[in-house]
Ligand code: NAP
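Given as C-alpha cells, the chain that follows is alone and in the form predicted alone.
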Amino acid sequence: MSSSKTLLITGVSSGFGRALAKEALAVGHKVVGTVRSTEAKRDFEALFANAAFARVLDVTDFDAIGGIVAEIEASVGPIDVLVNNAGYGHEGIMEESPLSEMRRQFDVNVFGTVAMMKAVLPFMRERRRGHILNITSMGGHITMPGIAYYCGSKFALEGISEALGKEVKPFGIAVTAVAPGSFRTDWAGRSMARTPRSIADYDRIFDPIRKAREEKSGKQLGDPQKAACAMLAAIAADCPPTHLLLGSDALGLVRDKLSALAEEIRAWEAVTVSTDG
C-alpha cells in the first residue's frame, strides 16, 4: 500500500466489516470501527495495538453520529475513508411483512448510512480529499421474491451513492458503491430478520427460495477476505470505480438483468417515444 490511511468502518464485529478491518490493519492502515457493545470494543481494539480503535455506536442513533465523528477526527486523526458496512437483510414476502420492518430496514441500511456520510463530508470537503465506500449488494441491481424491503434499501443506496459522487467529485471526494454477491458472511444466517409466513398463496414461489438460502448459508462461493482485498484495491486506486461488483454470481446476474432491460427497452421503444410533443 502506497500510503497509510485512516479508515472509519461501521459494523466491524463480523462479516465484510471485520474482514476489511483485518486486511487494512495488516497492510498498515489505521482503522476505527463501530461496534454495538463495550465487549465488542475491547475485542476489536485487541486486534492491533495503536492502530485498531473502536467506538460504540448504533448507526440508527442519528443524534450521536456527528459527535462521534468529530471526536474521531480530533483524537485519532483525519478520516480518509468512510466504509458504510453496517446493515442487515430482511427476508419476507412484501404483503406479509409489516411496514415497521420496512422502516427498520431503511433506518439501518439507508438512513444510518446517509447520516454517517453527512457527518464525515464537512471534514473531507474542507480537506478536498476523501473516499466513501457504501456496501450495497447485488440486490441493489437485481431482485428476487422475498427480499423486497432489502432490495429496496440497496437500490436506494446505489442511487444515493451515484448522485452523491457527482456532487462531491469537484472536492476531490470519491464515492464507490460496492455490490457483493453471495459471500460466506452471516447475512443469510443469524443476521437476517425473517418475517413469519402467513399467506399460503405465496408458498410455491417463495418456500423453495427460503429453503435454498438457508441450506447455502456458510457455503457461498464468495470469500470475505478476498472481498476485503478488492475493496482495498479500490481505495488505493487513483480513479476508483463508481460501482464495484464483487463475485462471479453478481457479475452474471447483473449482466443478465442489464441485457433483459435493454431488450425490454427496445421492445417498447415505439411507445416510449410516442409521448413526445
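Model, not experiment: these values are computed from the prediction. Counting begins at 1, following the sequence as shown.
In what follows, reference is made to the form predicted together with the ligand, a form of this protein that is not presented.
Chemist: Answer yes if any heavy atom of H243 is within 4.5 Å of a heavy atom of the ligand in the predicted bound form; otherwise answer no.
Modeler: Flag for H243 set to no.
Chemist: Could you confirm whether Y149 comes within 4.5 Å of the ligand in the predicted bound form, counting heavy atoms only?
Modeler: Close contact is absent here: in the predicted bound form, Y149 is far from the ligand, nothing within 4.5 Å, heavy atoms only.
Chemist: Residue-level question: is A52 within 4.5 Å of the ligand in the predicted bound form, judged on heavy atoms?
Modeler: Although the ligand is absent here, A52 would stay clear of it in the predicted bound form, with no heavy atoms inside 4.5 Å.
Chemist: Is the gap between T176 and the ligand in the predicted bound form 4.5 Å or less for some heavy atom pair?
Modeler: Close contact is absent here: in the predicted bound form, T176 is far from the ligand, nothing within 4.5 Å, heavy atoms only.
Chemist: Within 4.5 Å, heavy atoms only, which of I72, I160, M102, V108 is in contact with the ligand in the predicted bound form?
Modeler: Of the candidates I72, I160, M102, V108, V108 is the one lying within 4.5 Å of the ligand in the predicted bound form.
Chemist: Can you tell me which of 55-63, 235-243, 207-215, 41-49 lies within 4.5 Å of the ligand in the predicted bound form, counting heavy atoms only?
Modeler: This holds for exactly one stretch, 55-63.
Chemist: May I ask you to list the residues of 131-145 that have any heavy atom within 4.5 angstroms of the ligand in the predicted bound form, in sequence order?
Modeler: Read in sequence order, the residues that approach the ligand (within 4.5 Å, in the predicted bound form) are I135, T136, S137.
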